[in-house]
Ligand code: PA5
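Given next, in structure tokens, is a single chain: the form predicted on its own.
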Amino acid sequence: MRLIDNYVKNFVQKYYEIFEPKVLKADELLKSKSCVGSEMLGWQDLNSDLEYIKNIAEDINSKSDCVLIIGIGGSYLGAKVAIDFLSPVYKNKIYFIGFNLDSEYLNNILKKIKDKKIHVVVISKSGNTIEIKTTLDIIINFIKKKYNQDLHKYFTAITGKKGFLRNFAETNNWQILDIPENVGGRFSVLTNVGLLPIALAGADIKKIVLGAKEMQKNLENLDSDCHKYAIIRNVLYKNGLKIELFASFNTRMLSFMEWLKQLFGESEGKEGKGLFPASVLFSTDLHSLGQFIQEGSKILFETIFFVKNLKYNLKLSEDFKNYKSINEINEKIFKSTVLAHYKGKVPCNIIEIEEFSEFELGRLIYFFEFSCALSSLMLGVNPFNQPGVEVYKKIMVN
């Protein structure tokens, strides 16, 4: 992967040098573990016991036809990112629930799997979140009706050292994996939280972590794309842009962009500060929001993902004299869109992705985790807390 900044340089170069010292200071604080929120830097440790995780996944898979993953926010988004990003290599056996309380959605899944052998993985640091507790209650009753004995065999909990879920899992003799206390949900993709569901779905978690480690090594260079991206975001924000619009021409990137919305939204959006992260899928949204992007209020910039090497490339008939395949047309639309938006005075970062592979996914995940932390520290906020998320939860219990 690489950052292409040709279509953003003119918007930032006047201020770029002013922000360089800020990113260097943020980098120093992160790497020395002396920044605000430093107690939550466990995501930088990429030494999970991958063989242990892989063995658990193989054991669960040998006994089940499908796996229900109960989680919300960072407890499920990381795994869903991988499943969508790597979809052709995955077994079609993972179902995500608990991220909303839509009865129809949940009921349809339960109807679909009622005759299958099921395993349930519940992911939550505390288990106290209302969406998790509610969904777990429904699923326990569902499993009780399906299996009359030894219910503990059908459940695995990934949770913190204390809290409702830990106590419940221990009382009921469930298999338990730990969530590191020093890692927040949105930064937890490369821990048990993300790696077990990803392994269950059939991906090579070793290659994902290897990609992340390579990116971590690349970040020793203080002029890396990751550092440049953090500077660009902060310069554009300082100059009055309020929205970062993530965009892609590939549906496999949809969940990745959803994760980015949580990563940046929860990390930066506090103390009245931060860019608002949004996402679009092109060409679909070129025929709706494209008009606003081109000629509407100048409140946003784009970060567009483009994948170079795709596995599938449907050929066109000879009637298409100027193009031979769908991918050729899609690439032309991509280039035309970037140029049109640039001419419309919309700054545009391009993140070029080599391919949809485990290694490349690991690189992307660590790139954005680190750049988000840098960017948040440059704004002067704690990247690792989310006090605003707790407000609706407190209102719920009052």
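When you see a residue number, it is the position in the sequence shown, counting from 1. Keep in mind it's a predicted model, so treat the numbers as computed, not measured.
From this point on, the text means the form predicted together with 5-phosphoarabinonic acid, which you will not see here.
Taken together, the three residues Arg233, Ser279 and Ser371 lack any non-hydrogen atom within 4.5 angstroms of 5-phosphoarabinonic acid in the model of the complex. A residue is said to contact a partner when one of its heavy atoms sits within 4.5 Å of a partner heavy atom; Glu244 fails this definition for 5-phosphoarabinonic acid in the model of the complex, lying far away. Among heavy atoms of Ser325, none comes within 4.5 Å of 5-phosphoarabinonic acid in the model of the complex. In the model of the complex, 5-phosphoarabinonic acid sits beyond 4.5 Å of every heavy atom of Ser255. Contact annotation for Thr129: at least one heavy atom lies within 4.5 Å of 5-phosphoarabinonic acid in the model of the complex. Only one listed stretch (258 to 266, 206 to 214, 99 to 107, 307 to 315) carries heavy atoms within 4.5 Å of 5-phosphoarabinonic acid in the model of the complex, and that stretch is 258 to 266. Interface residue among Ile94, Ile139, Ile72, Val122, judged by heavy atoms within 4.5 Å of 5-phosphoarabinonic acid in the model of the complex: Ile72. Residues from 353 to 389 that approach 5-phosphoarabinonic acid in the model of the complex with a non-hydrogen atom within 4.5 Å are limited to Gln386.
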